[in-house]
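Starting off, we have a lone chain in the form predicted alone, written out as structure tokens.
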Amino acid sequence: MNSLTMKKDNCIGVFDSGVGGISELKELVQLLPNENYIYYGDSLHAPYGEKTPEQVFELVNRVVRYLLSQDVKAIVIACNTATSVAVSRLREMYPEISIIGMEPALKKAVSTEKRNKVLVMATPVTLHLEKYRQLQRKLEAQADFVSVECPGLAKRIERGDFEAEDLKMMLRGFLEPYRGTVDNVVLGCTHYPFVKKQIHEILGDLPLIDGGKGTSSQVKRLLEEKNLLNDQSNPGSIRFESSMGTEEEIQNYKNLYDLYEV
């Protein structure tokens, strides 16, 4: 694949281990409504956050190769775990295409006015990778970070029914010990924005920070640099695909897309 053969009306590929990246897709469509999108959810293998880094890389590389076969003009890894594990290697392997990843938005959570306490919710894999630890160490002079592993949360969010008591109990188990002790919360997984309301019910009206807007802005900038922004005047299309290969799962993606509010 050669960047010179890319066309403005080619799709932007967006993928996640499941439904989480739909939150980022919604951010992208809000900023770039005239683009065409393929959203690929690897729900068959979700969640990535509890697999080994090598398992995650193999899964991510398989999806990237599929999206390249669909002639996408950019790929957004709308998954913090997949980004942390794979994005550097993928950029080396596929230099001909822009690959944009997501990372926990720690920098956005740091206050310039006072030293604040930041709670970081993320998957076990993300929090244990050296890449995350390096980012946290760089910012420790400016803020205090509390890293909270949330095993099973992304998998539970995949099932939907966000008002169910079992999901609220899981969130309380992760978050109640920090009620009244932190200034803001970093949502370090693209699944977590789907339960902002439930997090607020536990922790109060704290700022909840994710990397969605920053990632979509980066996509726009890179496409502008390559003169690949779609210049059509009509809204673009969205094609949903899933490794589950079922119409039920595709409909689930569409329902969540309609439900999610940017």
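These numbers were taken from a predicted model, which means no experiment stands behind them. Residues carry their position along the shown sequence, with the first being 1.
Another form, the form predicted together with a small molecule, is not on view; read the next lines as being about it.
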* **Candidate stretches 185-193, 92-100, 68-76, 162-170 - the one whose heavy atoms come within 4.5 Å of the small molecule in the predicted bound form** => 185-193
* Have a look at 86, 109, 154, 120 for me and say which one sits with a heavy atom within 4.5 Å of the small molecule in the predicted bound form. => 154
* Asked: Is the gap between residue 41 and the small molecule in the predicted bound form 4.5 Å or less for some heavy atom pair?
  -> no
* To do: State yes or no: in the predicted bound form, is some non-hydrogen atom of residue 212 no more than 4.5 angstroms from a non-hydrogen atom of the small molecule?
  => no
* Tell me, yes or no, whether residue 16 is in contact with the small molecule in the predicted bound form, where a contact means a heavy atom of each within 4.5 Å. => yes
